[in-house]
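First comes one chain, alone, set out as C-alpha cells in the form predicted on its own.
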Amino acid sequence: MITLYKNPSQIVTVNTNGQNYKRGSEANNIGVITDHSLLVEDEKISEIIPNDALTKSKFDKEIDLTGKIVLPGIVECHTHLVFAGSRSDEFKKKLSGISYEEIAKAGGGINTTVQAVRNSGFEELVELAEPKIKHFISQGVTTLEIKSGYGLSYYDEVKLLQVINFLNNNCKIDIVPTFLGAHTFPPEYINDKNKYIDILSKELLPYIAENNLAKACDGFCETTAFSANQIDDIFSVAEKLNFDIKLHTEQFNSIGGLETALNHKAKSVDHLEVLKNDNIKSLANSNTVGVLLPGVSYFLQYGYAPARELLDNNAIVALATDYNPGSSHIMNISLIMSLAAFNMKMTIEEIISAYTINAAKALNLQNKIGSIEQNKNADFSIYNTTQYSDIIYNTGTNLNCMTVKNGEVIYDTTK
C-alpha cells in the first residue's frame, strides 16, 4: 500500500546524505523542507515529493498534515523502564541533602529496586511497563531502548530480558533490549565480587547471546559499582559473543571507564557529567556516541554534562531521559529537550539531531531509522505546530499529535 502524508508545513528530515549520524556542527543542519509531501510504500519512505507534482503520483491512502510538521520518529536510547516499587522515600532524603552515592552506600539505591523486581512476577512487570511505553509513544517515540539491571541474579536478569522481549513483540514500536547485569553488585555478592562477575561472564552472557535476549551489553563504571578492570573483563567476553558495547561512565567519578569503553569501541558512553576536559577530544575523535542525560542532573541537582564542549570539539552527541526510579524519574521528553537548551547550551537543531539520528546511532540502528531519507523506515513524529522551534519553546508540553511506525499511524489525537 502507498500512503501519502500530505502538505505538512515543514518536513524536518535530519538528512545525513548517507552518513547516518551528525558530528559536531553538522547537528545544526536538520534539512527543513517546505511545500513537499511524503510517500510511504511497504513500510519505507519511498519519496519526498514536491506538492505541485502530487497530481502525477499514485497512492492508496491520504493523510492530511496541513498546519503540522513532521520529524523522524523520536529515538529514546537510554531507559530503565521495566522495574517495580517506588523510591519516593529516597527522593525525600535527596531533598534533605543526602546524596545518591550516600544512599547507595547505605544499601539503598539500585538494590532497593532489585528487591522489588525479585518479588515481582513476569505478568506484573509487563503490566507496570505497558502504560509507560504508551506514554512514550504519545510523545512521538518510535524506538525505545530498555535495560535490564534490576534483577542482578541469573534468574531475575533473564526474567527482565524476557519481559522486555515480550513487550517488543506485543507493542507497536521497536523496543531494544540491553543487558545491564553489571549495574551494581547484589547484596549476596558484595563480599565475593569475583563470583558475581563469573555469573555474568560465564553464565548470563552466553545464555543471553544463545537465546537472542539482548543485542547490547552495558555496565556501570563507578566507585559504588564496577571498576574499569572489572568492566574490561566483562566486555571482553561480551565482544566475543558479538554484543554491542555500551557503558554508564563519568557520572560521579572518573575512574577509567571512558578509556575502557573507547578501547572496546563502544557504541555509546552515557552520562559524562564529570567528563574531564582532557578526555573530551578522545571521545570526540571516536565514533562512540556521547549520550547525555540532563534529567539526572536536574533530578539529583548536580552538574550537567559538557554538551557544548563536546559539540564544539566535533563529537557525536545524543540525548535521552534515563527514565528510572532513582535518579531520573522523568518521562517528559519536552522537559529533557528544554534542560538541554537552557542548562547545556545546545541549539534547538542540535537537540533534534541528538534525539533522532544520533540516538539511533547509539543503538546501532542508524541505517534504518533516525532521519527522513529514502528507503529508511517510515517512522515519524508529527506535531501540531507550523515551526519546529515550538517543540522546545513549549517547555514540558507534548505537541506530538500523531506517531507513525513503519508507515502505520499508531497514535493519533487529530480525529
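Residue numbers run from 1 along the displayed sequence. These numbers were taken from a predicted model, which means no experiment stands behind them.
One more form of this protein, predicted together with a small molecule, exists but is not displayed; see below.
Only one of 339-347, 207-215, 323-331, 117-125 places residue heavy atoms within 4.5 angstroms of the small molecule in the predicted bound form, namely 323-331. Distance criterion of 4.5 Å from any heavy atom to the small molecule in the predicted bound form singles out I110 from the list I74, L167, I110, A266. Of the candidates T260, T288, T178, Q251, Q251 is the one whose heavy atoms come within 4.5 Å of the small molecule in the predicted bound form; the others do not. Each of H78, R87 and F220 places at least one heavy atom within 4.5 Å of the small molecule in the predicted bound form. Looking at F226, you'd find every heavy atom of it more than 4.5 angstroms from the small molecule in the predicted bound form.
F235 falls outside the set of residues with a heavy atom inside 4.5 Å of the small molecule in the predicted bound form.
Proximity of Y100 to the small molecule in the predicted bound form: non-hydrogen atoms within 4.5 Å are present.
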